[in-house]
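One chain is shown next in structure tokens, namely the form predicted on its own.
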Amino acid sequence: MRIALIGYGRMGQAVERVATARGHTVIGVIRRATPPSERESLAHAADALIDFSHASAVAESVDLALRTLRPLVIGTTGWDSQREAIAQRVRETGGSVLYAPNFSVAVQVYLHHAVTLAAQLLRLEGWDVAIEEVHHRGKADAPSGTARALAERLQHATQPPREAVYPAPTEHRLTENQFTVGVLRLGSEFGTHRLLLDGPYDWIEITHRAKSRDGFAYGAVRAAEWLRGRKGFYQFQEVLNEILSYLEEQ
């Protein structure tokens, strides 16, 4: 598969490493300064586009993918307010886009099982919950897209519903139906997410910590492989079971 990268920061470089290791070819990089004609040429020459650029560039990346009829994988975060409008446009025009706030396969499994456990325990009296995430100090969005996804799933899974609060209130107490999402920005941390559960007799902490960026890159490349030949707007968890059950070629 021929892949064109949109953005070439640390994640773009990780995608290139993983894609090459899986036998694909990165044919070029679309940067902010890349002229429109060169963008079009690269996209037409590619079998798929993978975007790890910046939230402000996502709409332009989608436009390019729709114009050139190329599948697009978006790993950029911080554009949640545009997501529904972009998803609708992709579906109406017959485009092919797959998005995730976190492309780590392990994170997607973590989200599912952590929320399932939390939802069960929070039905009992006396249980409380919170989320904490840690990323490198250069990360642009806070909370992270993964922390937001965890909080959103938790809100939908709890009965009665609980509301995520960020930042924690400074002038009043949390209500019974609220939980906090804590954020730390520190050094060069790749990404750590913790779901914290406090009960009358037990404390449970469920943690995922990334060892490198290559896990995110691996998921994005697998998503691009899956997306070829499909139409629609997908999220990574929709294809997770198929990726997990897929037998790697020997």
Ligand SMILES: NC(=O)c1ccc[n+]([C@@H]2O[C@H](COP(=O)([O-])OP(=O)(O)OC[C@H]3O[C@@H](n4cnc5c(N)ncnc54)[C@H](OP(=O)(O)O)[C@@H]3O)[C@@H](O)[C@H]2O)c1
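Residue numbers run from 1 along the displayed sequence. These figures come from a predicted structure and were not determined experimentally.
Below, we turn to the form predicted in complex with the named molecule, even though it does not appear here.
Work out which of the listed stretches, 47-55, 192-200, 62-70, 221-229, brings a heavy atom within 4.5 angstroms of the named molecule in the predicted bound form. Checking each option against the 4.5 Å cut-off leaves 47-55.
In the predicted bound form, Lys139 touching the named molecule (heavy atom, 4.5 Å): Yes, Lys139 sits close enough to the named molecule in the predicted bound form that at least one of its heavy atoms falls within 4.5 Å.
With the partner left out here, check for me: in the predicted bound form, does some heavy atom of Arg10 sit within 4.5 Å of the named molecule? Because a heavy atom of Arg10 falls inside 4.5 Å of the named molecule in the predicted bound form, the answer is yes.
Since only the chain is shown here, I'm wondering whether Thr180 would be in contact with the named molecule in the predicted bound form (any heavy atom pair within 4.5 Å). No.
Determine whether any heavy atom of Thr77 comes within 4.5 Å of a heavy atom of the named molecule in the predicted bound form, and answer yes or no. Yes, Thr77 lies within 4.5 Å of the named molecule in the predicted bound form.
Residue among Val97, Ala118, Ala151, Ala100 with a heavy atom within 4.5 Å of the named molecule in the predicted bound form: Contact with the named molecule in the predicted bound form is made by Ala100 alone.
What residues of 29-54, in sequence order, lie within 4.5 Å of the named molecule in the predicted bound form by heavy atom? Result: Ile30, Arg31, Arg32, Arg39, Phe52, Ser53, His54.
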